[in-house]
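Just the one chain here, laid out as structure tokens, in the form predicted alone.
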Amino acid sequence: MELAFGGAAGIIVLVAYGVLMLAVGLITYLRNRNILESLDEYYLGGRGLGVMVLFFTFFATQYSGNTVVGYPPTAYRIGYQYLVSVPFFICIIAAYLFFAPRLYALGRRFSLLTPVDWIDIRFKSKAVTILAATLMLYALGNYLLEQFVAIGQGVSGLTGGTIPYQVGVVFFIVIMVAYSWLGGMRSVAYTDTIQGIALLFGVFMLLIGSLIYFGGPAASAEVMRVQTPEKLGAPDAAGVAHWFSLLLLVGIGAAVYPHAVQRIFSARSEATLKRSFIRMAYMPFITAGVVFFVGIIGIAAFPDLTTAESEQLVGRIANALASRSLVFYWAMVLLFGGVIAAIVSTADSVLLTFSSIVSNDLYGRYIHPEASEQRKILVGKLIGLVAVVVLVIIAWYPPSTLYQIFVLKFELLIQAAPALILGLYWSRLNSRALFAGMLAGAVLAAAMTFAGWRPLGVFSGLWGLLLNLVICIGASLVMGVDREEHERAVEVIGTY
């Protein structure tokens, strides 16, 4: 197959998008010279993001390039059972609607910068704050690794291997670090907006082209009927249990993504936040639904791919469409750039939040409270750079498929959910019980994940969360809270 993005064409598209993102970072810096002197300006964009920019930065947070590059191969491998990927995102929106408006109001009242900031204000417990920060940093590091692997897979797949995996990873990480250091949250949000528009257009053209040239779901159904009929069937009882446990794990885990929660604090107003969520409610069908069908159509277009080959399914489809007509060539150029920019944009969001937790919640709160905000930002940048170098070494030879990396991070992250969400509504939540539950849940989830033990097909993170809730709610009811802790909780969240 002659590759439309192989050779010089692939390199030109890659460099063009890299230059565009660098330009966004540079322009943002030149228009906001004080951006590196204030934590609010650097990490939250001055708390002034409007509806469209906020919507697209939420969109880029929840739908990274991994959604486009990683989901179709999974649909290709397991068939219609992967339709569960659409409700994933509906669950996330439902969780946001439950707690985000209240957290936004408290964020304004207490000038919160990160989700760990909220947990510290609410419980005033060093043990709880450090444990929550550790769980979130683990999840962010894992998510960053996932994005680095996705960058390499995306570039290599979309250029048919012309640009090697490792070259793609290093090139875009350098670009990402450069523009996020220059413009902070603003440049991240602006690049999210650009990539979001390009990605949505490219994904729809990918679906339209696949329907025109590869015959659509009907042709795929015929291939599955003959070769792999199990891909057409509904899941069995164990499969249904797996579905629901995955929905719960992702619905809670993705809603408490630290970089997503940080965007709640970036909104210009509560009305802006709610309008952005209203637009997000349509995206599960427009994005996850579309890429699911692209994966299904790929079964007829490229039958008999191995697991490793299927990881590059989107690249194969895009190259095939780009070779058919000039319209699809340019549409796939936009998709190519949009996918790469989306992955990089998600990675920069994660890196920014990783740095903010280090600089504000650990360094600024416990190591050097008297440090200037400029120094805190610098420390966060440098620690973030060290983390990037370590993760690049791991990503050089990726440990597993994108899907396996994706699931792993939620196992520990959701253990912070009771502190983040339950703490918003229950003034009698005991901080010692909360710490014990969070620690026990994290240890159980990690041990079960390490042992590969998943009773009833339910993810180990959910067993850990169950233990976590039993301990923190049960012990809070039994022990109660002392007068001082209760008065402080009422002062922060009111009477609940």
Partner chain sequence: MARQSKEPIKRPIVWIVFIAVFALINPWYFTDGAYTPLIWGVPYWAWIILAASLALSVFVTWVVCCHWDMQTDEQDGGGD
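Positions refer to the first chain, counted from 1. Please read all numbers here as calculations on a predicted model, not as lab measurements. Take the two forms, find the largest set of C-alpha atoms that superpose within 1.5 Å, and that set is the rigid core.
Below, we turn to the form predicted in complex with the partner chain, even though it does not appear here.
Engineer: Taking 4.5 angstroms as the heavy atom distance cut-off, pick the stretch from 196-204, 165-173, 215-223, 118-126 that is near the partner chain in the model of the complex.
Structural biologist: Correct option: 215-223.
Engineer: Is there a heavy atom of residue 417 lying 4.5 Å or less from a heavy atom of the partner chain in the model of the complex?
Structural biologist: Close contact is absent here: in the model of the complex, residue 417 is far from the partner chain, nothing within 4.5 Å, heavy atoms only.
Engineer: Check residue 149 for me: does it contact the partner chain in the model of the complex (non-hydrogen atoms, 4.5 angstroms)?
Structural biologist: So residue 149 does not count as contacting the partner chain.
Engineer: Even though the partner chain is not shown here, does residue 369 get within 4.5 Å of it in the model of the complex, heavy atoms only?
Structural biologist: Answer no; every heavy atom of residue 369 is more than 4.5 Å from the partner chain in the model of the complex.
Engineer: Does the partner chain come within 4.5 Å of any heavy atom of residue 275 in the model of the complex?
Structural biologist: The answer is yes: residue 275 has a heavy atom within 4.5 Å of the partner chain.
Engineer: Tell me, which of 390, 90, 211, 382 has a heavy atom within 4.5 angstroms of the partner chain in the model of the complex?
Structural biologist: After the contact test, the surviving option is 90.
Engineer: Name the single residue among 94, 286, 394, 130 that comes within 4.5 Å of the partner chain in the model of the complex, judging by heavy atoms.
Structural biologist: In short, 94.
Engineer: Thinking of 80, 108 and 268 as the candidate spot, does the partner chain come within 4.5 Å of a heavy atom on all of them in the model of the complex?
Structural biologist: Yes: each residue has a heavy atom within 4.5 Å of the partner.
Engineer: Rigid core superposed, CA of residue 222 - does it shift 2 Å or more between this form and the one not shown?
Structural biologist: Yes; that C-alpha moves by at least 2 Å between this form and the one not shown.
Engineer: Establish whether a shift of 2 Å or more occurs at the C-alpha of residue 81 between this form and the one not shown, with the two forms superposed on the rigid core.
Structural biologist: Moves: yes, 2 Å or greater.
Engineer: Determine, after fitting the two forms on their core, whether residue 232 shows a C-alpha shift of 2 Å or more between this form and the one not shown.
Structural biologist: Yes; that C-alpha moves by at least 2 Å between this form and the one not shown.
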